[in-house]
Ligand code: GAL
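As a starting point, one isolated chain is supplied in structure tokens, in the form predicted alone.
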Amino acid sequence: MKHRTMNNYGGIIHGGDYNPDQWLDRPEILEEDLLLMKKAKVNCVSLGIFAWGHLEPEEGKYDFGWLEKIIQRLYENDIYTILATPTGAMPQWLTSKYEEVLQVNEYGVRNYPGKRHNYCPSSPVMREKTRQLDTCLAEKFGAHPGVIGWHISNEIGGNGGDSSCHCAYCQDAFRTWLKDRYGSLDQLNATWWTSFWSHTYTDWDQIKSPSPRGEDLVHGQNLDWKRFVDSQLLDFCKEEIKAVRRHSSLPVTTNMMEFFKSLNYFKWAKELDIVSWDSYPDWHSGADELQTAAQAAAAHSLMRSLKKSSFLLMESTPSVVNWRQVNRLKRPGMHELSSLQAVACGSDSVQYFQWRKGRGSSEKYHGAVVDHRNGDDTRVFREVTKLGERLEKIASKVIGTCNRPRIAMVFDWENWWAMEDAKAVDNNLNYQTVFLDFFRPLWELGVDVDMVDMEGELELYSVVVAPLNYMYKKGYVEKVRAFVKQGGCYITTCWSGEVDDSDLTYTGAHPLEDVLGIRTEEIDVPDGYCENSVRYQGADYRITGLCGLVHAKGAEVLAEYQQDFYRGYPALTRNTYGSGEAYYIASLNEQSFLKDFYSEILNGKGLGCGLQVRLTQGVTVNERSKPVGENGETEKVWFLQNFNREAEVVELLERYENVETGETLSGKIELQSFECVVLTGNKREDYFEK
């Protein structure tokens, strides 16, 4: 698919969700908003996201006049529109007339009308009404010069964390999906291991979705239901895309939600022209900002990795949210820093939910650029304006660049789904949390990281880290074996290679025993009297989670357990395989172990921070680049970010130029609290090549 972009005018998109449909009785509001948007350096808004009731106030009767006037007035003021399909919330006439469009929960009870994402993706009526409206919108606005892209629905699947509908339509669709997948009941029963508790299926109609009312302990069935729910929602989204493309060639996106468990975003990204997402880190919630900052960086990196391309920050708050138990204001400087962090990790936009606060209902106190009564005379508005000015200054250096890491981490949704259902040694074990623990030390070292699932291309990277790789999908073992044999460095952990992609355990040897050079045996959870540590490079490190008991079978032992009956067992091994090497970290350890271990690996391979700088704790770097010339040279831009609540001094070991001021910087420089400096330097060979 040809790459499409929404910022072909050369700037960084700055704006956000605009809901003028809430103010149609106040025409003066639009005129005030236009003046304020221009002052705040806003160049794009998202329109129509929840406007179905105004766009189709009665069945089959469309009213697009108000939307046309607003799109045109925005365009006349150099403000572009990303136009949404409004299916995230259904109008009352639809849910009153057609009960089938409403979801049924896992207990078989149909939901009442209301809220968002309350629709059944299998309902023929819902699909037809959506197709009709989307087609009409595309026919009306698909060629308008002010419209630059399509925003398909909104936060799809985000219905309190449960994306599933269990109605009769969905049950039938699930059975059809299973027939396509397995072909026969014999194959399904063998794959699901239904001889367990005599639950063998003898007729397709016996199969229902997992439910506390019935069967929810057959792991293969649970896993396939999650695959089906993801597939069915994606199919609904594809139908929306198909509808708008009947009359429009504009790029499409939908706003994703970080590490959202229910949807496999690697599959979704294939259907989108551009990846976008909604970022709401919980700043100022802990002793420092570093854990939150690392998690935000991981989420941005995931979004960039989905298409290995720049993405859009579709939503963020300029100050506060209203849906946490405690909702804190962003402290001065944090809005600027957190927004530039998104750009540093690959975003070509900074957009907000929302432009103007509404007067009523559940989001009336959610943060916005414009509050209820103060216009432009607020701290938030001034900070948004300042950021808009900065984005204009750096745009020429940023647009066209992207982060190009040589390090990847394996994050796989189906692995997540299977692992949380394992009923094994530690049912509190959280795949996402452990993954982020393995990401954070790399972030602290100023090293960009891509994320791949088990279907991704490993050969693009020099180092691949796969924590808690519990499930091995079909073909993954061969892919890892080839990667290491050809010179790659593969790092994995305990609780990896346990089951195949049907969630059936492997028997016999570990599937990668030859590559890892070990034999796995038991897994322990140190707690209380049996706490343990590992010794690596002469230092002891506390174990914080699982302990795998393994035996070296040709691998070099680099660290050992220090306590309990498995004292002296290997805790870290290295095995040479072909031209590469594979490391096995047998236990989950404190962060300092990972940072020291990563440093040793990356320094040996010349894969450290691309900016020549001595970093301090809480100061990190992201690098964006683009090729220039024909000699493998690249033009690079670095974002040097201080997430500390106090000023920090770092030392630049080469001369760099401040993109915004033109000032030459070298040696020791002071970064203020929550400050980000954007730097360029001399062109050098692209170190992305192995």
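Numbers for residues come from their place in the sequence shown, where the first is 1. Model, not experiment: these values are computed from the prediction.
A second form of this protein, the form predicted together with this ligand, is not displayed here; the remarks below concern that form.
Shown alone here, Trp323 lies within 4.5 Å of this ligand in the predicted complex, counting heavy atoms only. Contact check for Arg116: a heavy atom falls within 4.5 Å of this ligand in the predicted complex.
The closest heavy atom approach of Asn255 to this ligand in the predicted complex falls within 4.5 Å. For the chain shown alone, His366 is a contact residue for this ligand in the predicted complex, at least one non-hydrogen atom being within 4.5 angstroms. The stretch among 564 to 572, 148 to 156, 186 to 194, 122 to 130 whose residues place heavy atoms within 4.5 Å of this ligand in the predicted complex is 148 to 156.
In terms of contact with this ligand in the predicted complex, the residue from Glu315, Asp437, Asp230, Asp453 that brings a heavy atom within 4.5 Å is Glu315.
Between the options Phe381, Tyr280, Tyr182, Trp413, the residue in contact with this ligand in the predicted complex by a heavy atom within 4.5 angstroms is Tyr280. Residues from 27 to 52 that approach this ligand in the predicted complex with a non-hydrogen atom within 4.5 Å are limited to Phe50.
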